[in-house]
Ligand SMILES: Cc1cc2nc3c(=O)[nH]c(=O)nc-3n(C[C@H](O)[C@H](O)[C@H](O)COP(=O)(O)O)c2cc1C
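One chain is shown next in structure tokens, namely the form predicted on its own.
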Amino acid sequence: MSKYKANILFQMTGSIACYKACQVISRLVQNGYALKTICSKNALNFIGKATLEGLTKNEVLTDMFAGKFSPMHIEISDWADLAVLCPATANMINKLSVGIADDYISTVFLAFDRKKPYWVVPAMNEKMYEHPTTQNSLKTISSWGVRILEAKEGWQACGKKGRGRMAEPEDIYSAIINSLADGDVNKKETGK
């Protein structure tokens, strides 16, 4: 029996909102959840591996072909009880909606057991968020059972106010915890 409440796969794409995601990671670890992180190349332009490794006590995953070959996208998908993509850029959301699997995060998405919770937390400029492509992609992945924590109205990195700001850390944490408390992990284990 694991000493952790659940295994959470926390995936990050390139956005200034990575700093807010670290607050969520820290709180999850402090409250007894095991976390592993996958970062896109662009996410590492906003947050360092040392920060994430210090928070999670696990290596940051960036390359599924690093080291000896093994189907890492399958192994990490099987390990996780829940996955969250936070922050989720327009680029990644749109890739997921059409099944492009050309990096670690998008490949894991296709390999992830859809009976387990998968959260997407958008973070982007208002124009990118409201673009019909992005809105259609969010509707598409939502229809597959992906849970979307909608972007909020607020100040953005571009200096303008609009919808596209990532949800606050407390809201993200609560969504994840509530999802686990609703028995989603137990459904997977019992087959219900």
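Each residue number is its position in the shown sequence, starting from 1. All of these numbers come straight from a predicted model, not from anything done at the bench.
The same protein also exists as the form predicted together with this ligand; that form is not shown, yet it is the one meant from here on.
Given that this ligand is left out here, which of 47, 128, 28, 55 has a heavy atom within 4.5 Å of it in the model of the complex?
Looking at 47, 128, 28, 55 one by one, just 128 meets the 4.5 Å heavy-atom criterion.
Does residue 137 make contact with this ligand in the model of the complex, using a 4.5 Å heavy atom cut-off?
Flag for residue 137 set to no.
Would you please decide whether residue 124 lies within 4.5 angstroms of this ligand in the model of the complex, comparing each non-hydrogen atom pair?
Yes.
How about residue 16: is it within 4.5 Å of this ligand in the model of the complex, going by heavy atoms?
Residue 16 belongs to the contact set for this ligand.
4.5 Å heavy atom contact, residue 82 and this ligand in the model of the complex:
Contact with this ligand, no.
Relative to this ligand in the model of the complex, which residues of 19-47 have a heavy atom no more than 4.5 Å away?
Stretch hits, in order: 40, 42, 43, 46.
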